[in-house]
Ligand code: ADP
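Here we start with a single chain on its own, the form predicted alone, put down as structure tokens.
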């Protein structure tokens, strides 16, 4: 079977030849075959989305080739490029990218206008897609009246309206709560299996890897390695919340993604994923290397600061002294709290002491939270934390309990706050080991 998409030694460079030149993609060669489910996986800034948009034809390569069904993109005329995009690709974005001045039905219909489909046929097709994905009743409503999960399903309908061979999805569930994410991910899998579409998904979340046939793991503006996934009979994320991984699910997932990393390296990776955002991939690598030494007890806190603050040209991470100091303070604080938590947990032999530990951990998890909580919410949060400590719920179940409305038995945080607090909890639990 011939590949439907292929790249040969593809490189993408922004501001080439200038002082601020940035290599976004370096010497990437891949083959994607019809009906495959492919995932581009890795941290932010490693080239996943750059490759996705290169496949779409939106980014011009500095070197190498992109080919669709054996044909080099450079050979397409301007008219053919427009038809290629409209008929070969459907796109689902993280931000939905719906037009809020149009209703749901008109948003779905929009791509058909550009290929000259008549009004009656495009309306019938759009309504059929909305019916299939359970949002037919919302057809005449503006997108603003829909939940995030519903808006993303509208975006999926829009991506399918021209019956393309390939669906491109760029972090499609990044803004959704866990239940909405599950629905969208299962929708994409259904499109791959039942509609025989090629699906290419960009994600940094290891939970979604079992959906794929193959995964390309990205690192430093290129592909680090490729892995064929074992067929999975159960891709229901919600149903797996209480599985055998128990309370250390986050670190164990990370270990499967990076099997060559040592325990200090895994902890440094987990911690940096949470703390470090606005740095280059090269800086992040050096920060993690220094963090590994700190967590393994090989350097002092002061030496850690010096390595972060040292200029990049001299082998350091090149952080400003204030940024380095803040990062050191947070890493050290989290590490110390994790050790205290672990020691207390060993000695917590009765319910009252476990309750006090949950209270201490609650204060720590909420350290950066700016809102005020009523006492009843505080108590419920402690109960949820206690369940997480005992392994009664996994990471996803923990997020769900945090984000469920208080009146429905949850803690009542917004999905964004729940995700942030849950990540903090996972860091503490992984570092204590």
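Computed from a predicted structure; not experimentally measured. Positions refer to the first chain, counted from 1.
There is another form of this protein, the form predicted in complex with this ligand, and it is not shown here; the text below is about that form.
**Q** Okay, which stretch from 66-74, 374-382, 393-401, 37-45 lines this ligand in the predicted complex, with non-hydrogen atoms inside 4.5 Å?
**A** Heavy atoms within 4.5 Å of this ligand in the predicted complex occur in 37-45.
**Q** Would residue 54 count as a contact of this ligand in the predicted complex, using a 4.5 angstroms cut-off between non-hydrogen atoms?
**A** Answer no; every heavy atom of residue 54 is more than 4.5 Å from this ligand in the predicted complex.
**Q** Within a 4.5 Å heavy atom cut-off, is residue 417 in contact with this ligand in the predicted complex?
**A** Residue 417: no contact with this ligand in the predicted complex.
**Q** Does any heavy atom of residue 15 come within 4.5 Å of a heavy atom of this ligand in the predicted complex?
**A** Residue 15: yes, in contact with this ligand in the predicted complex.
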